[in-house]
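Next up: just one chain, as C-alpha cells, the form predicted on its own.
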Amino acid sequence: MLDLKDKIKSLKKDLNALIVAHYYQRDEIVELADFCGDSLELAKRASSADNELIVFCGVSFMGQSVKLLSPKKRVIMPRLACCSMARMIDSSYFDKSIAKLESLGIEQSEIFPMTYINSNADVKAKVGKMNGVVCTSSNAAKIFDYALSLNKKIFFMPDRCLGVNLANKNHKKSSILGLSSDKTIKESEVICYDGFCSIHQLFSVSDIEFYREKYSDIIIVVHPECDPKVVDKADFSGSTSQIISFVANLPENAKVAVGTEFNLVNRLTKQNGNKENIFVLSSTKPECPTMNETSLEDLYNVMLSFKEDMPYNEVEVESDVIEYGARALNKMLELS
C-alpha cells in the first residue's frame, strides 16, 4: 500500500503539476517539492515553468504573485495561509497613507511607492498604478538604488524594519507613519508604513549580547526584517537565500547564531553536516505559525480534489488587479 508521500508523487505525475515550497515550510513538505526557494525564486520559477498547474506550499501572497505573473496558470494551495505582515496593509490602508502624505503637502507625483513582496495583490496593484515597484529581501538593495535615482520620496511598505534598514544602509533619513512626527515625515527621504514580521521581532540586541559573551568568536547572521538595532549589531544581514549561501561558505569550525525562522535554521544544521555550532538567535522558538500550517494531508487532499474536478483553495485574482500588480512585479524582475 502506498504511503502518503508516494500518493502525492503519483498525483503530481498524473496532474503534471509543479510543487513549490518556501524555505520556511516543514521538512516533509520541502522534501516533496520540485523546487524550494525564497519569495523571488519561487515566483520566477513557478511563473516560467511549463506546468499549467502550480501547487504552492507557502502563504497566500506568494500564490498570488505567481498568478499575477502568469494569469493563465492554475494555482492551488494546500492552505490559504495568511502572512501576518501582509495582512497589516490593504488597498484602503494604502489610500489612507497616500492621503496622509498629501495632507502634509507631499504631492502624489513626489512619491515613489515600493512594496515588499510580503503584501497582497491589491496592494501590489495600487503600487503598480502609481508606477511603483515590488521588491524582495534578495533584491531590495538593488531596487532601492533605482528608487533613490528618481529623486522622489520613497514610500516603503509594509515592513518598517526592512525600509529603515535600507535607509540606514544608504545614509538616508527615514520615518514611520503613525510613529514619527509630521515634521520628521516631511523631512524624510524614506517614509515607512508601520508593518512588521512578528517572527523576526523576536530577535533582540540582548540575544546578540548573550551569544557574544558565551562565544567571543561567534558570527551573528540576521534577516533584514529584524529590528534595525539588531541588524546594526549583526555581522551579516541578508535574505533567506543569502543567509543559506553565507552560512555554507563559512569555515568548517565557525560558530554562527542565525536570526530567522526556526525551520530554516534547523535545516541549515543538517545541510552543513549536522553542525552543533549553528544556533538559533533567540531564547524562544521563532517558528512562523502560518508557514507551518501546511501538512502532508493538506497537500494530498488539495491535489486529489483537483484531480476529481472539485478544486478548492485555488488562487483567483481580479483582472484589473492582475494588470497593475503584474506591472509592479515585472518592473522588479526587469530591475533585478
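Residue indices: 1-based, along the sequence shown. What you are looking at is a predicted structure, and each value in this text was computed from that prediction instead of being measured.
Another form exists, predicted together with 1,3-dihydroxyacetonephosphate; not displayed. Remarks below refer to it.
Of the listed positions (S174, S97, N120, T240), a single one reaches within 4.5 angstroms of 1,3-dihydroxyacetonephosphate by any non-hydrogen atom in the model of the complex, namely T240. At least one heavy atom of S137 is located within 4.5 Å of 1,3-dihydroxyacetonephosphate in the model of the complex. Taking the partner from elsewhere, Y193 is found to have every heavy atom lying beyond 4.5 Å of 1,3-dihydroxyacetonephosphate in the model of the complex. Although the partner is absent here, H200 is a contact residue: one of its heavy atoms lies within 4.5 angstroms of 1,3-dihydroxyacetonephosphate in the model of the complex. A residue is said to contact a partner when one of its heavy atoms sits within 4.5 Å of a partner heavy atom; F156 fails this definition for 1,3-dihydroxyacetonephosphate in the model of the complex, lying far away.
The stretch among 246-254, 217-225, 68-76, 97-105 whose residues place heavy atoms within 4.5 Å of 1,3-dihydroxyacetonephosphate in the model of the complex is 217-225. Along 75-105, not one residue places a heavy atom within 4.5 Å of 1,3-dihydroxyacetonephosphate in the model of the complex.
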